[in-house]
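As a starting point, one isolated chain is supplied in structure tokens, in the form predicted on its own.
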């Protein structure tokens, strides 16, 4: 548990501060036995699921209330669950790499492929690595995005933004903010070296460290999502590394100078999945909720949530032309072809990466 919380705890930042940025921080919701009717649906999810536009159609169609508690990171979710009774929660949203954590503890209900619109998902998301634990499906992808670069296109050479070498380009000395999230930063460096994140070894860490520290002269700020967003919007920096669509897409309609990209050397994907709790007393309703989230309308609404925008998992998502342009819809086939999912390294490598990141922050 200690290693898990250490690894996932660093993942608090993206979800936590995206929620704050949208004014949707963790909502206070008592466990079901204290405050919810038997047919209420109680969901433990990220802030992008709290929008009324997403929930109201489901509530009206089923005559139920969806009680949302948003959380920030796997460690937080586990803490909430430890304080809850069996049956308190019906639906969970979690980072794809952490699905196994919940499944191995017997928390998740196996899902029947025939009950889900899997044929609508983008094909790269149907990989067993994202969906199955020991041959059993416990989650289905619902939304995804990338770690790459966000920027002000009026202040940079956009061609530079397509290459990982921008991390060391002295043209941008003192003009860069770095989103404070250690493993995507080092995994992006590994990708630039031709090393897939899942293959990072102790032997690779000295070179990753060297390259990470070499980036520091360009860096003006290392901060959470709100901090780097504000720095970019205010003109304090022109580039945000470790950022991408989730950093600026919801700002682009009002600030068209902002944009984002992934690197030609390879992209790093984050993927979120949705699951049903094994102890849910409303499993059929919970599966209906999954299908609502995966429906074309649900996917379009989730993708453009007030909290943060990102790509829907479904190719049938209802989005207008402007939304598709911001999310780079027409480029997704090429993006996914050259991208790999972010992953959590084994505990020893993860601990060493954290030490390197601390050195970077203090340098």
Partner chain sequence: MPDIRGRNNNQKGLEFTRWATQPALIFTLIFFAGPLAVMVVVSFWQRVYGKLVATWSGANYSKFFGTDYLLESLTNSIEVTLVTTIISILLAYPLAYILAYRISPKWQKVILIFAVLPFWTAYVVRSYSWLLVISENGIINYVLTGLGIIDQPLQMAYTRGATILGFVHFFTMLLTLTIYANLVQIKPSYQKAAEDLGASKLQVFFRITLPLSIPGVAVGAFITFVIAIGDYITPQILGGSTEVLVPQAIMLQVSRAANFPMASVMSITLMLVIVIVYAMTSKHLKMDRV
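Positions refer to the first chain, counted from 1. Rigid core (definition): largest C-alpha set, two forms, superposition within 1.5 Å. As the structure is a prediction and not an experimental result, all values here were calculated from the model.
As for the form predicted together with its partner chain, it is not shown, yet the points below apply to it.
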Check: What is the one choice in 231, 118, 81, 161 with a heavy atom within 4.5 Å of its partner chain in the predicted complex?
Finding: 231
Next item on the list: Just give me the single entry in 122, 270, 130, 182 that has a non-hydrogen atom within 4.5 angstroms of its partner chain in the predicted complex.
Entry: 182
Check: Looking in the predicted complex, any heavy atom of residue 96 within 4.5 Å of its partner chain?
Finding: no
Notebook entry, point to check: Would residue 165 show up as a contact with its partner chain in the predicted complex if we use heavy atoms at 4.5 Å?
Noted result: no
Checklist line | residue 218: touches its partner chain in the predicted complex, heavy atom cutoff 4.5 angstroms | finding: no
Next item on the list: Report whether the minimum heavy atom distance between residue 169 and its partner chain in the predicted complex is within 4.5 Å.
Entry: no
Checklist line | 4.5 Å heavy atom contact with its partner chain in the predicted complex for all of 75, 175 and 358 | finding: yes
Item checked: Heavy atom contact within 4.5 Å of its partner chain in the predicted complex, the stretch among 194-202, 137-145, 245-253, 96-104 -> 96-104
Notebook entry, point to check: Using the core for the fit, does the CA position of residue 352 change by 2 Å or more between this form and the one not shown?
Noted result: yes
